[in-house]
Every structure is written in C-alpha cells, then in structure tokens.
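First comes one chain, alone, set out as structure tokens in the form predicted alone.
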C-alpha cells in the first residue's frame, strides 16, 4: 500500500482544490473520485446552468432588441440541442483544466469509488477499486445529492424520468411546453428563468410564502415580479402532496389543486452524501446527516477534515473552495479559519441577485444597532444605459456601533460580479469613511455601492 501525506475523497470543488493546494505545498497527495472530476458544480450544476442562462439572456436581448435601437428581423428561437452541445463543450474544457492543474501540482488522481476501511499506525486505509492507499491525513469532500422527500408518487416518477433533478434537466434537448418546478430556491428559480425565456410555460410550487429562501424580502419580491413578467406562475404557501404521471398535486389554503405539466423539476434542496464511504469505521461524527466540523474544517477524528457540501454548512462551490484552503492551511500549520458571515451568494437569473452578510431583519434579530439604506440602481448611468427593466435596487446594512458595512443585497445586472467587493469590505471591517475614499470606475453598475454608502 502506497503511503500519502494526504488522501482526498471526492474530486468536486472542495476536493480538487484541496488536492491542488496540498500538492503545490509539497504534500504527497492523491484524490479519489468515483464519477467526473469537477463534481456537481462543473458537470451538472453551477457551470452547465450558467451556459443555459447565458443563452436565455442572449435570446432575451434579441427579443427586446428594438428597445436598444437594434432591428432584428424574423422569429427569434432557441436551438435547445445546440445549447446542450455548447454546455457539454464548456464542461469538457473545464474538467480537462481541473485534471491538468492536478497533474501540474503532482497530485495522483484515481477514478474509483473510495471506502475507508480503518486506520493503522501509518494512517487511514482507503480502498479504491482494486487498490489501497494510506493517508496520514484525510479530507472528505463527497458532496451532496438532491433531496427526494417521501411524497406520494415522487420516487416512481423520478425513476421513470418524468420528474427530473438538476442533473437530468441540463441534458434536456427538447423544450417542454409546460414545466412545473417543485421548490422556489436558487436552482428552481434559475431554471424557471431559463425555460420561461425559451418559451416554456413555467409554474413554481413553493411551500414557503416567499421565493429565494433566505434572500432579503424586498429583493425576492422584485425578482418574483420580474419572473412573473416572463410568464412564470408562482404557487406560494403550497405543499406538494403527490406527484402523478401528468402533474403535481398540492395543498394551498385548505384546498387541493393540481398543476398539469409535460415535465417536472424537483428542486427542494440537497443533502450531504455520507453513506457508503466507511465513515463509521473511523467514528466520524454526523449531525442531521452531515459531517460536523469546526472553523478549521477539522472533524472529531484527529487528522480528518471535511470540506464542501458534505459538512452541510453553506452548500456553494465557492464556500467549498475556501474551506479546502482552510483545511490545507491547517494541515500545513498555518493559522486560518472559516468566516461564514462573509460568504456571498448569487442567483443567476435575469436580473441577477447578489447578497452577502446580514439583512436588516437578521441584524435586528441579533440585537445589532444598524442603519439601512435602500436606493434604486437608476443611480448608475451604465445600469440605465443597458437595461429596459429598471426595477433594480441596492440595500446596505451598516453597524452603527462599529461604523462598518455588515450586509448588502442587490438585484440588477452584474450584481454577481461586484458583490465580492462588498464581501471584502465586510471581511476587512473597513470603516465607512474609508469606503467613501475608494474610487470606483465610471460608468459602472458597481458605483451603486458607493452611492449607497454616501446616503448614510
């Protein structure tokens, strides 16, 4: 059995980046992945869905070209098969890039299912295919999978293909005439945005009374109205009780109703993948099905770490990236820790939503003395020049005691690109007076942050 400084189980964002960083630092590293390197994010999540959404955005521009003084003759349609083929090309390129980076950093890659057999004096024994590897340290990055709740008829219709998850819908080569989406979270809304743009009649059934989960309430309200203008219908406060062969049955206000649809997307959340890897053989602690970790990504077992969706904290690829770096830095003896309060989130609909930190409601619930500013994105010249729908807003939350920014929530073009600047301001606890001295390029949409700061 070959002995490694580090064995990484899982080749998704958290796993492959941990392996890259460890290899670059000189640790003898092996990463084991049973499916495709790049994980859900590169193969069936973040990246593929963005190729879809960009195609929809181009189509939206074409359909509204005359607003911008551009004449486009003839019918504007989508070639779904071509969209899927382009998606495959993008994925292939990025997965190849991941493998090249691992090779460049002298990381051994193994395509097999890993199983932890136990521990000996040399380290943790991992069986992968016909081979066994020993790791002095172990990083678990096995990711997550879609939640399939015990709803009548759901499992059977998933197996038949009538109900899709994020994996199947991104390979769909024929646009359905009607689509019902169970769940009004990020994945559901992004797919609602895409398919409504390409001509599908979309209905979203959500158990909560608002969409987009923890997203700031006014922002989610604006997003809902924008999607409704595209023809998306929302059934909020609606509990799905059954899935039949031709539609979804739900209860709302004491009444039972049904939405008939050609296809159904199940998008109500994801759960950590912790079964079948032998975690019980080394007694790793789980809580609600996820691996328990501290701020250094350490588990209860010495020299065992868990990064990414498997720890159930914030299931976003960029969270996994940072967790991977924290874990490797801890292994190397460098002081580091996760700061989950500065993790940004983005909903890649059209318009985009970018969020980070506290909302006014969450800050007040924590007893913080805050001041909030809410301004329209029409303060930005570029935003007005490039958009026909001018409903975007920027909301910031300032801690009066520390005079620092602790939250920002924006709906509008490019918000997913510049929310990182706000994250940095929050993370570094930059004083408001110093933020006022920063120079933003003009004209840009990100100037809206500076405008909001000057309204305090």
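None of the values given here were measured: they were computed from a predicted structure. Residue numbers count along the first chain shown, from 1.
Just so you know, the form predicted together with a small molecule exists too; it's not on screen, but the next bit is about it.
J.: Between the options 264, 328, 187, 377, which residue brings a heavy atom to within 4.5 Å of the small molecule in the model of the complex?
T.: Going through each option in turn, the one that passes is 187.
J.: Can you pick out, from 208, 72, 217, 384, the residue that has a heavy atom within 4.5 Å of the small molecule in the model of the complex?
T.: The residue from 208, 72, 217, 384 that makes the contact is 208.
J.: Which of 340-348, 289-297, 357-365, 135-143 has heavy atoms within 4.5 Å of the small molecule in the model of the complex?
T.: It is 340-348 that comes within 4.5 Å of the partner.
J.: Please determine whether residue 270 contacts the small molecule in the model of the complex, using a 4.5 Å cut-off between heavy atoms.
T.: Close contact exists here: in the model of the complex, residue 270 approaches the small molecule to within 4.5 Å, heavy atoms only.
J.: Is there a non-hydrogen atom of residue 258 within 4.5 angstroms of a non-hydrogen atom of the small molecule in the model of the complex?
T.: No, residue 258 sits far enough from the small molecule in the model of the complex that none of its heavy atoms falls within 4.5 Å.
J.: Does the small molecule come within 4.5 Å of any heavy atom of residue 182 in the model of the complex?
T.: Yes.
J.: Can any non-hydrogen atom of residue 158 be found within 4.5 angstroms of the small molecule in the model of the complex?
T.: Outside the cut-off, so no.
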